[in-house]
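In structure tokens, the next block holds one chain alone, the form predicted on its own.
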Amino acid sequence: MAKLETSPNIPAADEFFAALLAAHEGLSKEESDALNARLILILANHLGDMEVLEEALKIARNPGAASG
């Protein structure tokens, strides 16, 4: 069973955050929400591990549930 990585794990986190913000630039709230939904589904498909995805959902809903 894979474990959800909750510690910082993106080598270029600032660059990724800037790219994420740039992807949303000029979008309406609805377009931005749709981009986020598509990104979530793309990354969830890439992970492909239901246990990890369920743990991520739990932590996203209740940030205090993070154990890592």
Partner chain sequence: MAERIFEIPLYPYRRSRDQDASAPVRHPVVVVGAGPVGLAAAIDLALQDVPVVVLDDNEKVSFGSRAICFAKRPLEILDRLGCGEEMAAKGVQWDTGKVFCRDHEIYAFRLLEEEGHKFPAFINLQQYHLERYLVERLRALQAEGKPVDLRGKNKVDAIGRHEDHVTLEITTPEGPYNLEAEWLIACDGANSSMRRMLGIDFVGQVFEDNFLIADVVMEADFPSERWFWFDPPFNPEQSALLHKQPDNLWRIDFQLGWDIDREKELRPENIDRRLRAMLGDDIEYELEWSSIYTFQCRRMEKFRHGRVLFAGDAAHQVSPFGARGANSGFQDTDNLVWKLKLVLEGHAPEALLESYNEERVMAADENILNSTRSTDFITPKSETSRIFRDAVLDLAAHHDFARPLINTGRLSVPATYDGSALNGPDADGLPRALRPGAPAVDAPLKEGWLLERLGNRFQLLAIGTAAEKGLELGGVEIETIHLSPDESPELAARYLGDAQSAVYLLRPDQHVAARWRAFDRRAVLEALARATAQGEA
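Positions refer to the first chain, counted from 1. From a predicted model like this one, the values you see are computed outputs, not experimental measurements.
Although it is not shown, the form predicted in complex with the partner chain is what the next lines describe.
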Under a 4.5 Å heavy atom criterion, is residue 42 part of the interface with the partner chain in the predicted bound form?
yes
Would residue 27 count as a contact of the partner chain in the predicted bound form, using a 4.5 angstroms cut-off between non-hydrogen atoms?
no
Contacts from 11-35 to the partner chain in the predicted bound form (any heavy atom within 4.5 Å), listed N to C, are 33, 34
